[in-house]
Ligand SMILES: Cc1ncc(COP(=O)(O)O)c(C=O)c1O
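What follows is one chain in structure tokens, specifically the form predicted on its own.
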């Protein structure tokens, strides 16, 4: 299986040479993780000069791969996808020679299947039985499928913004999916720490030899198929396009493709290198920003794009490799706005019959920009990487009208004036505009949205519209031009930070005050952004509802609801998300240990609404929960069993073995299916066990009140 033509490994940062070993992960001299496999090209050139034969998959190029043949128990026929000519786009742009490399034909519909096939085959050959991967989506599904074939347990770390469809698909393959509420770069760090702690191999993507080597087969296939397409008489066996265009996140695709073309060029099989068109979403374009400033190193950015599959804020050394390749022969790096991407997605489907996901549509929006700006010259052949299956047509793609709320205008029947009917209606409209204030509440939690709407409307005659995500909220805000926006931060599609930035950049919307109500733990950078973009920040579950009403009314400059409004005695009703260090006298301290943000918010809100006598401390991991218990010695603990680090059973054992903590009442609220043995184990330690799926909130409150009665 190992390739005898694989001769050495070279460090791409210090050029140090090492023996051929596809398992190497770092340079023995400089410790860089950017390594490159090299082969006996003189021996391979005559074998490929007259064209290829054999299996139509990526394995037909085994002579230049670290593994020469597939493992039949793992392979799914990956590679050798069609090269399809876009006649419709050729007519649109008046330009012959536009093709797509249709990677939708891969086993899980994306070019990441190449990477997964080679990497998982290599892991299986090494006897690896468990691995960790951080991903923005497509690689997650690909690795999940191939690891299932190989019998390798896969731990997938995904950002909470990865579409639920991809998470469910990965879980269907049996992967352990860990959703992280943070950026992709933060998710990678957490995944690395997890892998180190559990001594599990972590796949490092473009920096691993099998991953990058797999991607160069795209270049081989394009050169082979394009030669057959342009020279059907067989006069040319290999032909490079003038342009290779791809949407990128971390950059593994074009890095590998470039190497494939480079090897063909060095062997004299093609007579030119293609120019690279590297396209990024404008909301996450560190490569483009650095390239436009002629900088060989990219500055990391915080992703603020709807195209979450491409949300890599720190490309690292991958950018330097692409910078050198792109600069070498007149290539470009461009960014495109999300709106242009969704338009390109619709156009590709309606004009060419090709349906793709948003990440791929970024490349086609870039293609349009390149033609519009005259970057692609007459006669130049173009190949666009077309990868990724169709995603559901959600509102931000299709542009659905947000018309759920219809305002019923009433003319006062007691008005007996002689004004014409039209004049009376106009008066009603003017009066309504003067008397009714419009507020938009943007939150992905339906219960939180409705609570805020009902809260405001119970005190003021406000028109309140709801939006379930940032993209939908932006449209509602643009349509309704509200007087005030109440916004969550952690949402799918477009998070609160991206929404705020978009509002402030729009001169028609920039002056609208925004009140942030969120459960997110804020970093210093978060606070700085919010100081610039919002009027105030409130912690969910940490304030009296009346306070929020009074604040909104005050921001709007309206008459206060009640001049005698009481001052809160709740734990944290602050604009800086900082809870007090100690409970107020008379309050019972409760520690909630729960890793699901939605369940955590629900529990906090339920307790806060039930009584002002509860001082609530939250923990999203087992270790954080134990630290809170040791620090505060609470009166009661609410515990989930399935946590990302220390599980609930281990926490209970720790409490049992500490005479200072063993008497603290513990209520377990969990979705875990328990065995008979686990049931018995819990019965020894806890006061009550409640299932999340059938949770009776009233019963939970009664149990809490009973346990705290004599404390």
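Positions refer to the first chain, counted from 1. All values derive from a computational prediction rather than experimental measurement.
One more form of this protein should be noted, the form predicted together with the named molecule, which is absent from this view; the next part is about it.
Enquirer: Counting heavy atoms only and using a 4.5 Å cut-off, do 111, 250 and 309 all touch the named molecule in the predicted complex?
Expert: The answer is yes; 111, 250 and 309 each reach the named molecule.
Enquirer: Counting non-hydrogen atoms within 4.5 angstroms of the named molecule in the predicted complex, say which of 359, 440, 367, 98 makes the cut.
Expert: None of the other options qualify; the answer is 359.
Enquirer: Which residue among 81, 246, 208, 335 has a heavy atom within 4.5 angstroms of the named molecule in the predicted complex?
Expert: Checked against the cut-off, the match is 246.
Enquirer: At 4.5 Å between heavy atoms, is residue 254 in contact with the named molecule in the predicted complex?
Expert: Close contact exists here: in the predicted complex, residue 254 approaches the named molecule to within 4.5 Å, heavy atoms only.
Enquirer: State yes or no: in the predicted complex, is some non-hydrogen atom of residue 387 no more than 4.5 angstroms from a non-hydrogen atom of the named molecule?
Expert: Yes, residue 387 sits close enough to the named molecule in the predicted complex that at least one of its heavy atoms falls within 4.5 Å.
Enquirer: Can you tell me if residue 138 lies within 4.5 angstroms of the named molecule in the predicted complex, counting non-hydrogen atoms only?
Expert: Contact with the named molecule, yes.
Enquirer: Could you tell me which of 189-197, 130-138, 143-151, 500-508 sits within 4.5 Å of the named molecule in the predicted complex, going by non-hydrogen atoms?
Expert: Within 4.5 Å of the partner lies stretch 130-138.
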